[in-house]
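Form predicted alone, single chain, as structure tokens, below.
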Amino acid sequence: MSYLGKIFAIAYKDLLHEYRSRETITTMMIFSFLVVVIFNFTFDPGSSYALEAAPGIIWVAFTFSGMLGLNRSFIYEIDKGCFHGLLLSPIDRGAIYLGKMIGNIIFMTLVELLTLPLFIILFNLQFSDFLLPLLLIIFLATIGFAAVGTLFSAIAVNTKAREIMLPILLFPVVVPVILSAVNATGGLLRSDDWNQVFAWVRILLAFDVIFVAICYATFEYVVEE
């Protein structure tokens, strides 16, 4: 099997398990929906206050629902006692990392695509003119978030307080990604100059490359510990 084949085999394993259980996606989706609905009660839809708060609200929903998914990334292997078997298999550790990261990106993207229409409807926002740039921002931010989150999930899963440990490890590192995503989304809503918006997109892309490269290189040492 080729290297890419091994990566997609790991991702397919996670996708198949989720298709059968539907635990992770359901949990993430319910949490994301609840965040959007609760904040909708706070602001008058279509008002200037809702417009100002909308970027932060949508990324609160995406970030914390993504955290729930990342928390479960390695739990299945640990609970079933097959994590060491996965590490002993003839697969490069980097391929395991990339496969798990791709699975996490797919889970998060599905939840985001389901949450976004509800968010637009409830807050009475107009995204039709720049929907594609918004989807690009969401996708790039999801890559950076999942890249770091997959690595830290492998660290936190072996601790007793793994639900608490992952946010403590992840949030300080992933702040630049969230900050760039919020500012880029806000720029689209305010109809800022495209150069200002894509300056944040370029920052997102740079952090994606850096995070994926560093996490890929260090994953082998993390799982050895």
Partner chain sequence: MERWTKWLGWLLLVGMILNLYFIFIYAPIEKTMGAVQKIFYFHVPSAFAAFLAFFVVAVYSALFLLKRNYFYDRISYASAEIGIIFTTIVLVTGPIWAKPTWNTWWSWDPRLTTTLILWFIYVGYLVLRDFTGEDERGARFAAVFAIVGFVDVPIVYFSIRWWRTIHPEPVLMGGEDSGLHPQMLFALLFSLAVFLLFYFYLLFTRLRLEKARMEINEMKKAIALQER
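Residue numbers count along the first chain shown, from 1. From a predicted model like this one, the values you see are computed outputs, not experimental measurements.
Beyond the structure shown, there is the form predicted together with its partner chain, which is absent from this document and is the topic of what follows.
Engineer: Quick one: find which of 34-42, 160-168, 50-58, 185-193 has residues within 4.5 Å of its partner chain in the predicted bound form by heavy atom distance.
Structural biologist: Contact criterion met by 160-168 only.
Engineer: Hey, in the predicted bound form, does residue 199 get a heavy atom within 4.5 angstroms of its partner chain?
Structural biologist: Residue-level check for residue 199: yes, a contact with its partner chain.
Engineer: Would residue 119 sit within 4.5 Å of its partner chain in the predicted bound form, counting heavy atoms only?
Structural biologist: The answer is no: residue 119 has no heavy atom within 4.5 Å of its partner chain.
Engineer: Could you tell me if residue 152 has a non-hydrogen atom within 4.5 Å of its partner chain in the predicted bound form?
Structural biologist: Within the cut-off, so yes.
Engineer: Is it the case that residue 30, even though its partner is missing from this view, gets within 4.5 Å of its partner chain in the predicted bound form, heavy atoms only?
Structural biologist: Contact with its partner chain, no.
Engineer: Pick out the residues of 198-212 whose heavy atoms come within 4.5 Å of its partner chain in the predicted bound form.
Structural biologist: Counting only heavy atoms within 4.5 Å of its partner chain in the predicted bound form, the contacting residues of 198-212 are 199, 200, 202, 203, 207, 210, 211.
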